[in-house]
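Before any questions on how it binds or moves, here is one chain, the form predicted alone, in structure tokens.
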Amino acid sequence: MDRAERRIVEALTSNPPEVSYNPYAYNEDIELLSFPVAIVLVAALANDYIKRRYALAEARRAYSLFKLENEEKIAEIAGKFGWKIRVINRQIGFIRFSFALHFIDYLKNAIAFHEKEWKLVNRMVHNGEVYLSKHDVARLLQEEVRRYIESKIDLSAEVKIPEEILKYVEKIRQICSEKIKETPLEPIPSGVVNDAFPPCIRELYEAIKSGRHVSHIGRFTLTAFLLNIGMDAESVINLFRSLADFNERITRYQIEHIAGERGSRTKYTSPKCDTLRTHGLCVGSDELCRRVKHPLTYYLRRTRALEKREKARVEE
């Protein structure tokens, strides 16, 4: 119980969320049994933020351990998740590949990453297999572990928790009270027209609200866009609280920097459509998208169109 408590507290209080592992601190029975106990405690806390944060911390710990394993053991672990993977240790040009992974298993996990190097078109593919390094497979397994742990935590289950376990739940809640985000996200301030968001911004906005992973360029794009259409920095900071890796000090600094309130005092604008397409952030254009070259131009034109429509409706 003490080890399970420590796993959760570490996940909630460290930035980025981490769960340490010292092989000499606990015997194997304690280390193994503390994991399902921690799952019970997280479920009892009944907080989606804690659930995502804990899953991410455990997945990151697993990632650090995967990197220490040999290729055969990594392939064995991946096989437990149903992956079609094999060890190849093949040199092609100046690059050495350790694994060949079926492209379906690759896409299932790489879809959460928005960096260019994870796009299938930028990978070596042969006979339906993606050639990968040990580091790449460890990173993909981290995402698999994160999703697996989240699937094991049912916040809606009505289970009677023993009194002794409830004491641990309340203790964790008190220790991490400042880190646990239980208040709902603040609504979009008046004056910001959500219906006028271009498709790319709407996708990023919904991803952040639901706590899904968004790349650095995606976070910058959304932040700069919202600040330029009138949302204040504090509301943007609150929007990012739903992310499992949220760090208020770092997030506040970055957002205030983009807003021109720090550093060079230059207010940034969101990237152009061409740049967003390059980074894979364009999710499909509508008719208006094809007539503009910048998300802010889309927003302004869409806002005017909505205003005219509303004025015509009132006059009728």
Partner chain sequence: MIDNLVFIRNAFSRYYSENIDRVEIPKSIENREFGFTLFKEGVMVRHKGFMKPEDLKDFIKKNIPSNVFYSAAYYSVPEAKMDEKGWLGSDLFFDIDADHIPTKCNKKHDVWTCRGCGLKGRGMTPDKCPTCGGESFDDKTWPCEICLETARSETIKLIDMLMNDFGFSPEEIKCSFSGHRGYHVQIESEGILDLDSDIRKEIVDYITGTGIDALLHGLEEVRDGKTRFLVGPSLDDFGWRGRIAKGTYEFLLAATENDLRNLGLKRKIIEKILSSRDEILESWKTSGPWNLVEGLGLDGWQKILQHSATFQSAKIDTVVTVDIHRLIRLPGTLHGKTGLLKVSFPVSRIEDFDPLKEALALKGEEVKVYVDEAPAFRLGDEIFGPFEKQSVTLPLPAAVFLLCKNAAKVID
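Under this definition, the rigid core comprises the largest set of C-alpha atoms superposing within 1.5 Å between the forms. Residue numbers count along the first chain shown, from 1. Given the structure is predicted, the values throughout are model-derived calculations rather than measurements.
Although it is not shown, the form predicted in complex with its partner chain is what the next lines describe.
- Proximity of S133 to its partner chain in the predicted bound form falls outside the 4.5 Å heavy atom cutoff.
- When contacts are judged by a 4.5 Å heavy atom cut-off, G128 counts as touching its partner chain in the predicted bound form.
- Although the partner is absent here, F103 lies within 4.5 Å of its partner chain in the predicted bound form, judged by heavy atoms.
- The closest non-hydrogen atom of K119 lies within 4.5 Å of its partner chain in the predicted bound form.
- Contact with its partner chain in the predicted bound form holds for none of R202, K267 and T303, as no heavy atom of theirs lies within 4.5 Å.
- Across the options 148 to 156, 67 to 75, 208 to 216, 167 to 175, residues that bring heavy atoms within 4.5 Å of its partner chain in the predicted bound form belong to 208 to 216.
- With contact defined as any non-hydrogen atom lying within 4.5 angstroms of its partner chain in the predicted bound form, the contacting residues in 266 to 283 are K272, D274, T275, R277, T278, H279, given in sequence order.
- For L204, the Cα coordinates differ by 2 angstroms or more between the shown form and the other one after the core has been superposed.
- Core-superposed comparison between the shown form and the other one: the Cα of R61 travels less than 2 Å.
- Relative to the superposed rigid core, F35 undergoes a CA displacement smaller than 2 Å between the shown form and the other one.
- In the predicted bound form, the Cα-Cα separation between D274 and W118 shrinks by 3 Å or more relative to the displayed conformation.
- In the predicted bound form, the separation between the C-alpha atoms of A57 and E206 grows by 3 Å or more relative to the displayed form.
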